[in-house]
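Heads up, the chain below is alone and in the form predicted alone; it's given as structure tokens.
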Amino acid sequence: MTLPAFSLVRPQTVAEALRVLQEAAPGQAKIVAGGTDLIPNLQMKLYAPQLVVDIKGIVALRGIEWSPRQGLQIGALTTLAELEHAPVVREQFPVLAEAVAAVAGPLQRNMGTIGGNLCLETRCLWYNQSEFWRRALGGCLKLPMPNPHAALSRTICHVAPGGKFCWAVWSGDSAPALLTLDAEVEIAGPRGRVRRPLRDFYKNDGMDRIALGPDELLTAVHVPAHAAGRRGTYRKLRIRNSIDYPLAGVAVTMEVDREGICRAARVAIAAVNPAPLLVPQAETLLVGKKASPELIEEVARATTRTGKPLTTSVSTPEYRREMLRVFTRRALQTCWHNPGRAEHEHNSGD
């Protein structure tokens, strides 16, 4: 569990960080902020970069700004704990407050950043193991490993051996919440800064997970003003409530008028696909409707059709698929009938 050898650079500005990334050898630089994902992965020898770029010293990437006209701007180095406790997030964007509160434990939330949480490495039961374990298996598509006794395993996905697609899953909590809020990410690169919808940031590919070049840096998250005040909640399945990554996650936001009619809705899922995804049918099914058990169940079924859980975790695909349906139903009921309620239903025992 020792760290591999690497050079460490600590830039103090975005421009300096970009220069370092541009000068690094292709594929040989990793960015670290809170380190809650990168450091364990380095210890597990999942990668061994020549250069680690520590961006914690870039003060300009910290902070939360809110404007009724411009919306919410979150610096990429803002910690998850800061988001969890920010009054404007808790009052105007409850789904985000619940999602970041569900990340790991207090130590990880105090260290982990929103930018890092959005750029997490994908996870898989076959990939996130010790180097000794992976070498015995012969590696996989995501991490080939020479082994003369297991030649075939170097070129297959152990989750779906018949294909050449990596099914390692996206296991973050903040991304599905931000998807339901129509969030955008701000990315700095050689050609300046650009903003793109968060839904376009993820590629749904276990190996090539995010649309972020080796010479680019995620600098901020923007949530539009029209998403403020939406009812919202997040549900997370995990084995240990104190620390574990999600085995399935469901985020829901809604706008409901005084007559109980849904005027806007989003449903997003995580930890069952190689990317966090919006449920495409949810808005069409819900908008203009009043709550009914039949409607809620129909949306729940649409969620299970969007999710593609496979044997990427210690839980069975069948159980994770069923919990997608259960969590969607519970989240919709909470948003429709109990908008002020902030429960955390993290596992099937709730």
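Counting begins at 1, following the sequence as shown. Quick caveat, the model's predicted, so the values are computed rather than measured.
In what follows, reference is made to the form predicted together with a small molecule, a form of this protein that is not presented.
S.K.: Can residue 90 be called a contact residue for the small molecule in the model of the complex at 4.5 Å between heavy atoms?
M.R.: No.
S.K.: Given that the small molecule is not shown alongside this chain, does residue 244 nevertheless sit within 4.5 Å of it in the model of the complex, heavy atom to heavy atom?
M.R.: Residue 244: contacts the small molecule in the model of the complex.
S.K.: Examine residue 209 and determine whether its closest non-hydrogen atom to the small molecule in the model of the complex is within 4.5 angstroms.
M.R.: Residue 209: contacts the small molecule in the model of the complex.
S.K.: Taking the small molecule as it sits in the model of the complex, is residue 322 near enough to touch it, meaning that at least one heavy atom pair lies within 4.5 angstroms?
M.R.: Output for residue 322 is no: heavy atoms all beyond 4.5 Å of the small molecule.
S.K.: At 4.5 Å by heavy atoms, is each residue in 33, 76 and 113 next to the small molecule in the model of the complex?
M.R.: Yes: 33, 76 and 113 each sit within 4.5 Å of the small molecule in the model of the complex.
S.K.: So if I measure heavy atom distances to the small molecule in the model of the complex, which of the stretches 124 to 132, 249 to 257, 213 to 221, 271 to 279 falls within 4.5 Å?
M.R.: Answer to the contact question: 213 to 221.
S.K.: Of the options 120, 228, 137, 264, which one has a non-hydrogen atom that comes within 4.5 Å of the small molecule in the model of the complex?
M.R.: Contact check passes for 120.
S.K.: Taking 4.5 Å between heavy atoms as the contact cutoff, choose which of 83, 168, 183, 103 touches the small molecule in the model of the complex.
M.R.: When the small molecule is considered in the model of the complex, the option within 4.5 Å is 103.
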